[in-house]
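Presented as structure tokens, the chain that follows is alone, the form predicted on its own.
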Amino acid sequence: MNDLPNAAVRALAELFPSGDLLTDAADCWAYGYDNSKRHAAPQAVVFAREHAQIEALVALCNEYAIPLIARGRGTGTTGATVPTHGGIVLSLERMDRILRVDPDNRLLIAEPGATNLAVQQAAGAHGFFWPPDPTSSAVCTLGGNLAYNSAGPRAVKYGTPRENTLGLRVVTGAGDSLHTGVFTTKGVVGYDLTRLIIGSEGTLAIITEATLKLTPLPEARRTLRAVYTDMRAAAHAVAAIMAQPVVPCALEFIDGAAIDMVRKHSTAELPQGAGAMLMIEVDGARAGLDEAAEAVAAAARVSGCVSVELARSKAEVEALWATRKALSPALRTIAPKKINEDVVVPVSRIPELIDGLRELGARHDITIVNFGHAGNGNIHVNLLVEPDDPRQAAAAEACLGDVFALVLRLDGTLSGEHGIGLVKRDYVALELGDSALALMHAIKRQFDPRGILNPDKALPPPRLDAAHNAR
């Protein structure tokens, strides 16, 4: 990796005060990681504080053909913010202001470095919330949520960031500043650039401001836990729940392998015969909510149901959620470098996916643990392997290819909310055809003609497209 040109370093120093510019390799090192544990060293790290700085930075990177990788807090799991070509990492964590809360128009405007939690707190002070709620909401940033279209459990009822963002302020890879979208809940003027940029993983433009659509906080919530003899019964229950009029605000599941691990590594109580479990929440107006919860409970009582419990107090809610909350620590104890994929299939095909994953685990001699957002078919497939072991790494790679092939046969998609980044980039052509990939590369060139923004992420390079589709 070559050093940055001296003129570029001098220009960076003019743009960013010493406290907002890192050029020493040791100081920059930590900004080469994300939660995928992949790493590549950047040549410099800058901390922007305003839109104009980013405009000037993009112009500088274009002038010297320097890769520019925007990031928040690095909680992503796909390597999307790893600077594989060196260059400059642009940290947006210090652009963290909540700029405006407008309860009359149900909107909030914030900078990309604001955490999801800070957005929720600002909205909550006025009786609203922003529906996307990733597991890492306490630390993940708004910009990251938008870059990945990360949603979380509430997406089953309220949708993803694409459905809950009205507009953006961005700087494209060409250096153009744009305002996309509207301040209203309806608007069809021009192409929908807002939804295009959301989920593009920083490859098209850098988000400097977002106008979010808020939703009133529900008056009350009811929590249920349903236990099943096996995952197939639980999957049928998911389909039954989603086929009746009351849409839950969360419908999470864990499979039998996950339950066994929770038994061994936590004190959470589980009934005997638990081969799968659903965690269900229903929210809305207090009047009629008990009836709504009972309607969901009735739908959950399919063949193979062991029990359905409704929490009556805060303590009971916490007790019901204890198993789900104990799962991630248990998995980290057993396989700290596990591979976690977030595939999606139609709800009615979850049973086929679970059966197929069980077969793949046996074929490749890999323990596969499944949990996730069952209400929209977003399943987190965890391969409990040690990737530093060459044999296990080879088995995992072969297994992943088979997992993705299975998902696509079931009319699914390779990622629901984690994004593509590096980890899934070379599988993208399995889902998208030549024409779609060519169009996406053309869009990338239009936004970013010199290819400086997050190069070689999200889409396979053009030279790989034909190779994959020829297989």
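Bear in mind that the values here come from a model prediction, so they are computed numbers and not experimental data. From 1 onward, residues are counted along the sequence shown.
The same protein also exists as the form predicted in complex with a further copy of the same chain; that form is not shown, yet it is the one meant from here on.
- The single contact residue among 420, 69, 48, 45, judged by any heavy atom lying within 4.5 Å of a further copy of the same chain in the model of the complex, is 420.
- Residue 414 is the only one of 56, 414, 28, 406 with a heavy atom lying within 4.5 Å of a further copy of the same chain in the model of the complex.
- Stretch 437-445 is the contacting one of 30-38, 398-406, 437-445, 61-69, since its residues have non-hydrogen atoms within 4.5 Å of a further copy of the same chain in the model of the complex.
- Although the partner is absent from the chain shown here, 183, 192 and 287 each have a heavy atom within 4.5 Å of a further copy of the same chain in the model of the complex.
- Within 4.5 Å of some heavy atom of a further copy of the same chain in the model of the complex lies at least one heavy atom of residue 152.
- In the model of the complex, a further copy of the same chain lies farther than 4.5 Å from every heavy atom of residue 382.
- Shown alone here, residue 315 lies farther than 4.5 Å from a further copy of the same chain in the model of the complex, counting heavy atoms only.
- Interface membership of residue 459, defined by any non-hydrogen atom within 4.5 Å of a further copy of the same chain in the model of the complex, is confirmed.
- Of the residues in 329-366, those that come within 4.5 Å of a further copy of the same chain in the model of the complex through at least one heavy atom are, in sequence order, 344, 345, 346, 347, 348.
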